[in-house]
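Take a look at this one chain, the form predicted on its own, written out in structure tokens.
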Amino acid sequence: MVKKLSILNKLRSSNLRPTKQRVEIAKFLFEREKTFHFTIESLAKSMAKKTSKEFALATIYNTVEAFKKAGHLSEVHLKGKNNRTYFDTNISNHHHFYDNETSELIDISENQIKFEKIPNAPNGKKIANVEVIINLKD
């Protein structure tokens, strides 16, 4: 009952009505032991495989965007030849490895990277977060 309440609270705090599909998406994202990294497309494929149901990409996209805006997901932009956007269920400050061969994003704890010097933010601005993405290859 506690997990179900938590899922409903996440939906409501994201200004989403708890429809069957949104509840299934929320459960798929948040009822897991480990951090989950995904793109909208990979989430759609994974959910279709697990539930044997098709979810409209628009429904998935809108639900994920609402969760992101409410602070339940973080967004990771990868630049380069792949130019992908991943979403992450781990919303704490942390860093990532990105495996170019498998397209996998792997968490690195914030305390595993030490910064010697960070430039000052431009006048009138504050640094909100520093994120390191280390690209891997075979």
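This one's a predicted model, so the numbers in the text were calculated from it and none came from an experiment. A residue's number is simply how far along the shown sequence it sits, counting from 1.
Omitted here: the form predicted together with the DNA. The next part is about that form.
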May I ask you to state whether Arg22 is within 4.5 Å of the DNA in the predicted bound form, using heavy atom distances?
yes
Look up in the predicted bound form whether Lys27 has a non-hydrogen atom within 4.5 angstroms of the DNA, and give yes or no.
no
The DNA contact in the predicted bound form: Arg17, any heavy atom under 4.5 Å:
yes
Leu57: heavy atom within 4.5 Å of the DNA in the predicted bound form?
yes
Taking the partner as it appears in the predicted bound form, which of 93-101, 47-55, 109-117, 27-35 has residues with heavy atoms within 4.5 Å of the DNA?
47-55
